[in-house]
Structure formats: C-alpha cells, structure tokens
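Before any questions on binding or motion, here is one chain by itself as structure tokens, the form predicted alone.
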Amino acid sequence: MVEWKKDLGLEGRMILTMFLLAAVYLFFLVFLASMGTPQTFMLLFIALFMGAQYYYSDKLVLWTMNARLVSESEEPKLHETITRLCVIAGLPKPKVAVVDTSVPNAFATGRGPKNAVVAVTTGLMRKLDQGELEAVLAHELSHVKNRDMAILTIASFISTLAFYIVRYSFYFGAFGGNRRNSNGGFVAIWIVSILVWIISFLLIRALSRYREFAADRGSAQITGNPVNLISALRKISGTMANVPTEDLRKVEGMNAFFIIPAVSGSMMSLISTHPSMEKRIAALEKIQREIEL
C-alpha cells in the first residue's frame, strides 16, 4: 500500500477554510438565537434533508447521470484496473459504473469507502490510453479515500439552512417568529441569511477546489506518475470543446462531481468547484519534480 503523503500547505488552507466556515456558522446561529428565531424545527428539517442527501446521494447521482453498474464480465479491464489501484491505495473495491455519453469524464460518489461508486463515461474510455485512464481513476479513488462527499456535505449543513431561510422566510413570516420578528426583525434575519449563504458558498467552493488539488496529489501518489494525469486533464479539457453543447448541458448539474467541469467560464474562478487547469497542471508538475529528486 502506498504511503499517503500530505501537502502541509494544502492541508493548512483546508483547515483554515473549515475554521472560517465554522466561525461564520457560529455567528449565524448566535444571531438567530438573539433574534428569537425558533431553531429546533429548522435544524431538524435541514438535518433530515441533508441526512437523506448524505445516505442516498450515490443512488441519486447514478440516477441523474443515467449511470449503469457494470459487472466484471461486462467490463473486465476496467474492474481489473480499479482492483489493482485499490490495493495500492489501501481501499476496499468500490462499485463500478459506466455512463454512455460522449462527454469524457469520471466521478466518484458514496458517503464512504465501503459504499462508494466510481463511474466513467464511454467517451472517457475511448479518449484516454491506459495510463491516463488509471490516473483519472486514481483521482476518483482519492476522493473516496479522503471522504470528500462526507466532508462537503457536513460543510454545507448550515449554508443550506441559510439558503432555505433566504428562500422561504417571507412566505412563512420568519418561521413563526415572535413579535420582535413580525415588527421587522425577520428582515434583518433575511439579510444576514443572505450574507451567511454567500460567504459560506464561497468558502465551500474554495474547500472543493482544495479537495480537487488533494485528489490530484493522491492520484500522483497511487500511480507514481503525475504526467499521466496531466496528459489526461489536457485531453479531457481539449475534447470538451468538441462535445455537442446539448450533451454538455445535460450533465452540467454534475460539475462538482466530475474530474473536470463539463461547463466553465472566464468568470468562474471564484465560484468554481475546481481549480483552473493551469493551476492543477502546475501543482502536478511540482509533484513530478518532488518524485524525481
């Protein structure tokens, strides 16, 4: 099993982001309490919502992508590759799925290593050579090993609460708050909820980008060859331009799960779930130099 070396700088940025998120959430909860807003019902509602998302996300993602679980007899080479990479990474073998689309991409889902699913598209398998495909699969297995689905779900908990308050508070009069709220206090709650949602949204997106860097690093450690992932990222990115727009729009909602977003833009850097291609390649080239030393 490969030794899982950590990037201390990257770890530090992730910890700082989580700390800032916790600070924003603590402020928000204290503010709601000071305004007399009943929190128990909302917290229970969001907990049930997020719990359902957490436990059934894998099935929801597979259904959304029209992904099909495949057996070893259907995709023997794909199963053999994932089995070998899992041994190197020290992971139980996940379920394997294939999505029939020309969009070259891959994703992992599931709340932990024991119930994870790794999926690839037929477009990806046609486009990449074996070394590049292994690098992409190792990236997805790194997401599983790092428990990114669980971390991002937990990080989104209070942000989701703020979003629902922003969306529905005017319909329900700040959720049945007291007279102080009915006299206009709930407008303050609404404004603060917007600020909390925006700040937490940006912090969660930053955290997502850091998790992508970490998964790239994990891929390099599992395969011992960052160059293959660089080549795969360039191929996938270059191929996206040739994929019909209609096909890209069909999977746009899954951007956060993909190794490369299906749709991106020049103004997306701050709110993107993924780092820019240039930054990812620069980080992988740095890892390559570390390996060569």
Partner chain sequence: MGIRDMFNSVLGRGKVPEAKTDRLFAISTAVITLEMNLNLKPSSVAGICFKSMEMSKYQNAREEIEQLLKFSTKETGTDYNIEKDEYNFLWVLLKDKDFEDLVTNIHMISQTLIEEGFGGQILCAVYRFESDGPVYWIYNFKQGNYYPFAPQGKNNRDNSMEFRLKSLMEKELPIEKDVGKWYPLWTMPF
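Residue numbers count along the first chain shown, from 1. None of these values were measured; they are calculated from a predicted model.
Quick note: we don't show the form predicted together with its partner chain, though the next part is all about it.
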_To verify the annotation, which of these, 193, 200, 101, 221, has a non-hydrogen atom within 4.5 Å of its partner chain in the model of the complex?_
221
*Just give me the single entry in 227, 70, 29, 47 that has a non-hydrogen atom within 4.5 angstroms of its partner chain in the model of the complex.*
227
*Answer range among 116-124, 101-109, 157-165, 129-137 for contact with its partner chain, defined in the model of the complex as heavy atoms within 4.5 Å*: 129-137
_Given that its partner chain is not shown alongside this chain, does residue 18 nevertheless sit within 4.5 Å of it in the model of the complex, heavy atom to heavy atom?_
yes
_Contact label in the model of the complex: residue 209 to its partner chain, heavy atom within 4.5 Å_ = no
*Contact test in the model of the complex: residue 278 vs its partner chain, heavy atoms, 4.5 Å*: no
_Considering non-hydrogen atoms and a 4.5 Å limit, does its partner chain approach residue 204 in the model of the complex?_
no
*asked:* If you apply a 4.5 angstroms heavy atom cut-off, which residues in 140-159 are near its partner chain in the model of the complex?
replied: 145, 146, 147, 151
